[in-house]
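One chain is shown next in structure tokens, namely the form predicted on its own.
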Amino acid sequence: MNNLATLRNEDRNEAKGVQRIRRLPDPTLGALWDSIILDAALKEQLLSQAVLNFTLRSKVDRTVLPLHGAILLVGPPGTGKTSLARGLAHRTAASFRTKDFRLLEVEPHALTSSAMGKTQRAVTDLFAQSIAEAAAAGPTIVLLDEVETLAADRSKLSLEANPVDIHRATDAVLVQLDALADDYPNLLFLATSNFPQAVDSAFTSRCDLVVNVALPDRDACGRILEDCLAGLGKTFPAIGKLVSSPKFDQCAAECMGLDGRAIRKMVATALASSPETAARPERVTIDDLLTAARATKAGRKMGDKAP
């Protein structure tokens, strides 16, 4: 059994909360990075901050620069935060050709679903044992998806509605972040949240960089739509040609207000506009896309109004 398989088996048995371990760099994650349509300057800022983590923290005392080795990505669902974080892990590792990196992906719900009174212990074990052991073995990046699950804003929690265990779990996360920052400069946390207002302010203050991954603007909508159609065009050339339609810009404008995931799903909706088109996707038209974009936006608005 290879080392990676061994690590995965050990994690399933002993490291509760670690969903997956990947060796880095990983080209499949690089493809995720490329697929997220985002301002190039923002991507460069993210990569620069991540690289700095591994070049500076081992050389500069934390009393000079109090870096915790944590980056927080916030924004609406569907904007690609998790994919961006995974892609960032790959790009960071690829910047250090002589080092072997690992990416640990944490499943926070596996910790908070523990029996009453055990969440704090599960969090402590994850950080102080599993993550610490990985960082001791070499450069490590940890993905904390939906971090508000682990670091809930204590000021907004009611002890009547939320057990004290949840409060203690947030306390444990903060204590462990401080301890790991002191002991492991070759460790970087990439956290994501759809609800930044639900993240404890003490966690946010420990992040070295907080980036808002917003809904795509008009230009980004067009680039996402073009990328999707071009990808489909590799299999169905007629679909790829839709980017040259005089109505393409109108279709991109109709996508304003949708996230990247919704835009790509909207294309799938257009491909299913009729049984005939579903059977022969190359028959889809730009008008089908326009109709699907409008319907998707209308559906989202109805969802927002639902009680």
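Note that the coordinates shown come from a computational prediction; the quantities given were computed from them, not determined experimentally. One-based numbering along the sequence shown.
What follows is about the form predicted together with a small molecule, which we do not show.
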query: in the predicted bound form, do G69, A135 and A181 all reach within 4.5 Å of the small molecule through at least one heavy atom apiece?
result: no
- prompt: in the predicted bound form, which of the listed residues (L42, I37, M256, V51) lies with a heavy atom within 4.5 Å of the small molecule?
  reply: I37
- line: Only one of 258-266, 245-253, 58-66, 278-286 sits within 4.5 Å of the small molecule in the predicted bound form by heavy atom distance, namely 258-266
- request: Answer yes if any heavy atom of L229 is within 4.5 Å of a heavy atom of the small molecule in the predicted bound form; otherwise answer no.
  value: no
message: If we define contact as a non-hydrogen atom of the residue within 4.5 angstroms of the partner, is K81 a contact of the small molecule in the predicted bound form?
response: yes
message: How about I224 - does it come within 4.5 Å of the small molecule in the predicted bound form, if we only consider non-hydrogen atoms?
response: yes
- prompt: Closest heavy atom of P76 to the small molecule in the predicted bound form, within 4.5 Å or not?
  reply: yes
